[in-house]
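Coming up is one lone chain in structure tokens, specifically the form predicted on its own.
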Amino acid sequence: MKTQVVIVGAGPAGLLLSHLLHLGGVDSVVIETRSRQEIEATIRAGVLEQGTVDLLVDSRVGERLQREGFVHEGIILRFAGRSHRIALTELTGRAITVYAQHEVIKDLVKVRLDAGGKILFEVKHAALYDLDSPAPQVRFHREGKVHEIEAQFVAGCDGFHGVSRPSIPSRHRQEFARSYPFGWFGILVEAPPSTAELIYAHHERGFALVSTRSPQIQRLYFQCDPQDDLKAWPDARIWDELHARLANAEGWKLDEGRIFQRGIIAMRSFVVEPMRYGRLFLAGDAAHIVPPTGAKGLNLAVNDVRVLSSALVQYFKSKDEQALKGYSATALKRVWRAEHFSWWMTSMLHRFHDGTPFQHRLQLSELDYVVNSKAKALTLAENYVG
């Protein structure tokens, strides 16, 4: 098989890249190790920046997003028993939209298949070859046969554990990483919304977050040991912990419901430089990971493919490689800004295992400064909405 761009990974980055290339007249093939049912059922966070929403709408993938997404014009910071609103739209003129990542994937899969796009699900043993040549190849097993795709470029959109990044020789890449000594215990709950806007809570017992997925489904998190055992957290203990961390002096109450999904998310920061090797370009989680506190993961992936798709379309229209040569530097500028913001939010809101009363007071002072200084609130708001 031959194509112009072969895309490894059918997550948001790979699917959106394929769609944007199609709109620009560039052919692509997407390969994915999981089934369509698996990728459409994997529930992840879904805070979309204004720019992400605008791109999806402008590229004609945003009809359901506009109909079903929750537009939020602010977020709540809660600490010392009191709530403080950061007015995102008032400060920046922009908003965020809560719309789960798997819903974005459903929309992208549909629009690609409706347009006759090639998405090969359930491939095995994918391997990348000749990445530093004009004709890179991807080989894999599917339905009992060995397949090979020859392309002019390869886009590695297969996540942190995919094959794309390790295909770059170690001497040609530099990796930056930080692991955090805590994780997030996340639950999905059948309950009405307890809040109109996301609540980020700082507490002596640890961080907590109240989000929403639909009028009937809520998403809640609390800081935990990343090695914790799910069985050690029966429903009653989960609710006790959430009530303790989210308690305030204003009469607000968290609504309980049936917990139908639970899991622990590890927290880490990661960046690889550069995001290109030969004819291979990395995008999304294959190139960078951010802790979820800043709500940047999906949005960074969208920005990567926005930049990459434009550069590839420019190349195939005019053979001009300048934008492709600048892809890594352009994308990394945004990546490092998001890494810093996510680190800052994480450091300000979480309890560290080696934290002292002095450090705790510093966190409270920082939070107080954020909610009482328009300049500091604007810094948070600008970064949060993108």
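This is a predicted model, so every value here is computed, not measured. A residue's number is simply how far along the shown sequence it sits, counting from 1.
There is another form of this protein, the form predicted together with 3,4-dihydroxybenzoic acid, and it is not shown here; the text below is about that form.
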| query | finding |
| --- | --- |
| Selected contact from H340, R44, R36, K317, since only one has a non-hydrogen atom within 4.5 angstroms of 3,4-dihydroxybenzoic acid in the model of the complex | R44 |
| The single option of H203, R173, R219, K106 touching 3,4-dihydroxybenzoic acid in the model of the complex, heavy atom within 4.5 Å | R219 |
| Per-stretch contact check against 3,4-dihydroxybenzoic acid in the model of the complex, the hit in 308-316, 250-258, 159-167, 204-212 (non-hydrogen atom, 4.5 angstroms) | 204-212 |
| In the model of the complex, L88 touching 3,4-dihydroxybenzoic acid (heavy atom, 4.5 Å) | no |
| In the model of the complex, L242 touching 3,4-dihydroxybenzoic acid (heavy atom, 4.5 Å) | no |
| N299, heavy atom within 4.5 angstroms of 3,4-dihydroxybenzoic acid in the model of the complex | no |
| Residue contact check: W184 to 3,4-dihydroxybenzoic acid in the model of the complex, 4.5 Å heavy atom | yes |
| Any residue of 289-326 that, in the model of the complex, places a heavy atom within 4.5 Å of 3,4-dihydroxybenzoic acid | P292, T293, G294, A295 |
